[in-house]
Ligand SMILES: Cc1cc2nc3c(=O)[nH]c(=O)nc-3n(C[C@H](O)[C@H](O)[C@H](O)COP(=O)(O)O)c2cc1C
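Shown here is one chain on its own, the form predicted alone, set out as structure tokens.
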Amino acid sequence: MIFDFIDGSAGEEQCSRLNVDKLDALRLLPRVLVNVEGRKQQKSLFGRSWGLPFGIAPMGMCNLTWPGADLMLADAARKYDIPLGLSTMASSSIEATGERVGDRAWFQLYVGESEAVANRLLERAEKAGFTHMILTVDVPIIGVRPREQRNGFKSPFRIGPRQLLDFALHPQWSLTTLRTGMPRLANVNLPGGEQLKRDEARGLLDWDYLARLRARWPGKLIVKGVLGGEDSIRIRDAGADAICVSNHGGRQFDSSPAAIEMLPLVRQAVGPDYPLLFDSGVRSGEGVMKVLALGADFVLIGRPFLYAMGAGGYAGLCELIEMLRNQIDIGLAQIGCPDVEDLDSSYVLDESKGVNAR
């Protein structure tokens, strides 16, 4: 059931597959006779240079993957100098993560039925030294994920005969989790009994709230979960510092368009200089390159990191990051582009159309 929680998506999971398939259909066009010595992967964003052109997307309850997964992500963010998105629904606290990762930690905010609860989370993040905040706007309600329903996955857990049998059939995960304690949501319970529940409606979020949040939050504000050009212009004009083009990896709405197909449209809408991040369907270093070439300034990756930790713990996570870095390094050499900052749409062909993506 834990694998299905991580791997599963909304509905019949067509959107999740479409995200990957549409990225795979893009081809990178090699250029020859280019000096590609001294290739660079450092990426500028928000006034600083990051060690790699990708970071860690916010993900809830990572410790379900393997005990201590949230702290593994924090350690990897520090080691590779990449940003870590800490979810409201994380199993590591705002304070512990901020202390461990410093200015590489970005706090991701869900706004539930109580704006007061959201404000308390913001206060904690600001006090813990967070300077970047990701407002996720594509979860008005939790999408229907059939695999979770079949397995009886709930938060907090309800352990019944089916779940006990499932855990018994996976002894390594179960025994290790028992020794370390069942993961808990570390940020949602507040003094006085207030809390943000995983399954509660989040439809309170609207344009007026965005304006209040922009006035309230002193640091960088990223709005995540945007696919439309018209919405993007309005978010930009409301004072957000960046937009993350994303369909939540297909976990929210199965009829959503592939995020990569919307990226060039959002870039065209907001102009060439407005910061854009991207999340959804990236599974390789070449995928990172394609996203950057089509207009994103930075890429966030989620589920692959959970797969890596489930397979090999912290060593598996670092092995995946090294693999991605190596794939990008080789890819830059192959296409004759020694610096990721120089990637643009002239390097991309759409195999399904047989034409340049530009």
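As the structure is a computational prediction, the values presented were derived from the model and not from experiment. Counting begins at 1, following the sequence as shown.
Although not depicted, the form predicted together with the ligand is the subject of the following passage.
Undergrad: Any chance all of Met59, Gln108 and Ser246 sit within 4.5 Å of the ligand in the predicted complex, going by non-hydrogen atoms?
TA: Heavy-atom distance to the ligand in the predicted complex: all three under 4.5 Å.
Undergrad: What is the one choice in Gly295, Gly302, Pro67, Gly316 with a heavy atom within 4.5 Å of the ligand in the predicted complex?
TA: So the residue touching the ligand in the predicted complex, by this definition, is Gly302.
Undergrad: Among the candidate residues Arg216, Arg283, His170, Arg78, which is the single one with a non-hydrogen atom no more than 4.5 Å from the ligand in the predicted complex?
TA: Checking each option against the ligand in the predicted complex, the one that comes within 4.5 Å is Arg283.
Undergrad: Ser87: heavy atom within 4.5 Å of the ligand in the predicted complex?
TA: Result yes; Ser87 sits at the interface with the ligand in the predicted complex.
Undergrad: Against the ligand in the predicted complex, would Leu332 count as a contact residue? Criterion: heavy atoms within 4.5 Å.
TA: It does not: once the ligand is placed as it appears in the predicted complex, Leu332 has no heavy atom within 4.5 Å of it.
Undergrad: I'd like to check something about Met309: if you look in the predicted complex, is any of its heavy atoms closer than or equal to 4.5 Å to a heavy atom of the ligand?
TA: Taking the distances in the predicted complex, the answer for Met309 is no, it never comes within 4.5 Å of the ligand.
Undergrad: Quick one: is Met1 in contact with the ligand in the predicted complex, heavy atoms, 4.5 Å cut-off?
TA: So Met1 does not count as contacting the ligand.
Undergrad: Quick check for you: of 316 to 324, 286 to 294, 59 to 67, 39 to 47, which stretch puts a non-hydrogen atom within 4.5 Å of the ligand in the predicted complex?
TA: That would be stretch 59 to 67.
Undergrad: Relative to the ligand in the predicted complex, which residues of 1 to 18 have a heavy atom no more than 4.5 Å away?
TA: Residues within 4.5 Å: Phe5, Ile6.
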